[in-house]
Structure formats: C-alpha cells, structure tokens
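Shown next as structure tokens: one chain only, the form predicted alone.
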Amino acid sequence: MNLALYGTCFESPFLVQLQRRCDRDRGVRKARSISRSRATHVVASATRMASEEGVVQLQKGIAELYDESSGIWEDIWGDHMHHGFYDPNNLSVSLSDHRSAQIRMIEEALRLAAVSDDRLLKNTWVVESSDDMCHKENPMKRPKRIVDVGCGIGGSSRYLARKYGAECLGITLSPVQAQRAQALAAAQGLSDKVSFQVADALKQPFPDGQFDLVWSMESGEHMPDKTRFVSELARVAAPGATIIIVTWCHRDLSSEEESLKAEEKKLLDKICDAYYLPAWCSTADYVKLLQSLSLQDIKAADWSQYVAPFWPAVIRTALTWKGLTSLLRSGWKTIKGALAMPLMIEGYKKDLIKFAIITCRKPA
C-alpha cells in the first residue's frame, strides 16, 4: 500500500507501524486459511469463502467491523452509510453537499428502476443505462412493503418509509447497527413504520413474496454466494415487485478474457482483506444471474463517474483531528479499513472497480 496517497499525516511512525501490522496480520491469516483448507480438504467453489466455516468467519468479521465503525461514520457523515451521487461537472463539494448526494443516490436508484411516487424530484439527473436509453418514471403505485437488505443504521429504510408511507424491514449482520437503527426510528417517530433485526441476507427470515420493493444498497459486495444472494432477493419479492441492487463490482471481462489480470486480483485481495469481502463479480455476472431467474426489465448502469468525489472526501474527513482521534478509539478493524481507502481510489482510477446499479422486476 502506498501511504503517500494519504498525505504527509500518514507518514508518521505510528501509522507506519499500523500499516506493518496490517501486512503482517494479512500474511498470518492467509497462512492459516491455507492450512485449514488443506486439513479439512475443502473443495474451492466459485466464491472466495467456499466452506461453511469460512462463511461464518466472514460474517463474524463483517458484523464486528460495522459494530466498531458505524458510530464513527454516523458522527461524521450521518445515517446514510453509502456513496453519494454527484454532478460529474462539479466535484468541489462540502460535507453538507456529500450528505445531499447520499439522498440523491437513493432518488436516482429509484428513478432508474422506475419506482415513482408521481412527484417531481429536484436536483436529479437523467442517467443512461447499458442499453443507452434514458429512463422515465412510470406512474406505478407506491410500494407498501419494503425490505432493506444490509440496512446499516437504517438511513435508506427510514427515508423510503417516509417517502412512500410504507412499512420497511431492515436486516443487518451487526447487532450494534440494528439497535441504533431502531433507536433512530423511534426518535424520528417511525417506530410504527420501520423495524430492524439481525439476520443473514443469504437466509432471509421472511416468507416468499412479501415485499413489493427489495432494496440492497452496497451490501452485495459482502455476499460470499452471489447466486444465493440474488435468489433470496427474488424469493422475498412479491409478484411484480422491483428489485434494486447497488453494489461494488469489478470490470466486465472482454470476450478474450477468462479472468482478471494477476495485478488486478492482487489489488482486490487487499481490499477484500480490509473490508471483509469475498470474491468480487462483474455487473455482467449479476445480469446473468437475474436472467437465470427469469426476472424482467433488467437494467444495469455504471455510475462510477457519479461517485468519484466520495472516497477522497472520506479520506479528508479521516485526516481531521476528529476523524483521527475517533479512528484510534474505534478498534483495529476500523483502522485497517481506513488504511485501505486509497486502494479503492486506485481501483476506480484503473477502471477495475465499478460502482454498479442493477434493477429488475419480478414477473407478475
């Protein structure tokens, strides 16, 4: 990792020692993983976390990461734990602009998926999908039941509940997030509309066909089994429901390629280690999964240009006195995540990482 990307503040002996510990711990975990795999004769699957034990450990790490870091994020950035959607022609933005951009991300996702409440939206742009067609809102009925898969501290859930007057259920692996999300709902007078629980997105605790909007905002990258993840989204969707997946992907492969380049895999592996991510997939992979389930009106778009200011802004807030002191109090997982932030910028600049949105509809 190139610490110079952080600026001179990250050249201090203390943070250099933190980085060395990161690298040392990564080597130990890799050795243990190889040893355990050989000992148990686990056959590798299509995902990085192939064994059931590996999935459990991955989910434990995800929960602990967000248990540690969610309070810091809320204190600095507010209750929306996801990228913002920015005007690519105006990349000079303040913290308040970033928070507005996070709301705009929600609205633009709804617009692309043609989920409308028949109200004109301000400060939005019409963006193009992979079929180069502009999207217009359909005057469909408002969703009445929504599931927020990977809900964080419930920012999207509460926003959608207020916007549509809908009931919204959020699930997360983090007990801290679920508790905080419920407290915020109570404080905002939404206890009768939204609820949150600790649950596995690969084994959602809901009957079939329960929701007419299935929402996943930046949780898909944590899923060790993308096929099962998408299947669960489709299972809990009611006939005619809209499914919206906003997630980190790697670039689509060309027809001549069988896999990413070695150096690309190495970069993604470092990011995976810091943020408890399993194997990445491409936007095209998601589209194929949705097609295999006979889902309809599939749309996909690369919104990387619209999220460009996000990671530099997160790094700047981490380098403030408040950010640095909060990091040092938070825990080792959060510190590792902070040290890996320049890798995300590197991935975007190399066109390796793509900020993708994929939407579809379940047949009525």
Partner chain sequence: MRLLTHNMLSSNIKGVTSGFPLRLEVEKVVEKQVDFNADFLNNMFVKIEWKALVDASRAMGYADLPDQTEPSMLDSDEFLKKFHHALLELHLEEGALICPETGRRFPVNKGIPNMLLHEDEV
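Residue numbers count along the first chain shown, from 1. In this text, all values refer to a predicted model and were calculated from it rather than measured experimentally.
There is another form of this protein, the form predicted together with its partner chain, and it is not shown here; the text below is about that form.
Student: Thinking of E264, Y275 and I353 as one candidate spot, does its partner chain come within 4.5 Å of a heavy atom in every one of them in the predicted complex?
Tutor: Checked in the predicted complex: no contact with its partner chain for any of the three.
Student: Quick one: which of 218 to 226, 73 to 81, 176 to 184, 100 to 108 gets within 4.5 Å of its partner chain in the predicted complex, going by heavy atoms?
Tutor: Answer to the contact question: 176 to 184.
Student: Do V56 and its partner chain come within 4.5 Å of each other in the predicted complex, heavy atoms counted?
Tutor: The answer is yes: V56 has a heavy atom within 4.5 Å of its partner chain.
Student: Quick one: does P207 come within 4.5 Å of its partner chain in the predicted complex, counting heavy atoms only?
Tutor: P207 belongs to the contact set for its partner chain.
Student: Taking any heavy atom pair closer than or equal to 4.5 Å as contact, tell me whether F196 reaches its partner chain in the predicted complex.
Tutor: F196: yes, in contact with its partner chain in the predicted complex.
Student: Does V230 reach its partner chain in the predicted complex, with heavy atoms at most 4.5 Å apart?
Tutor: The answer is no: V230 has no heavy atom within 4.5 Å of its partner chain.
Student: Only one of K270, K288, R162, R145 has a non-hydrogen atom within 4.5 angstroms of its partner chain in the predicted complex; which is it?
Tutor: Spelling it out, the residue with a heavy atom inside the cut-off is R145.
Student: Heavy atom within 4.5 Å of its partner chain in the predicted complex: which of S292, N90, S191, S259?
Tutor: Residue within 4.5 Å of the partner: S191.
Student: In sequence order, which positions of 155 to 173 have a non-hydrogen atom within 4.5 Å of its partner chain in the predicted complex?
Tutor: Sequence-ordered list: E167, L169, L173.
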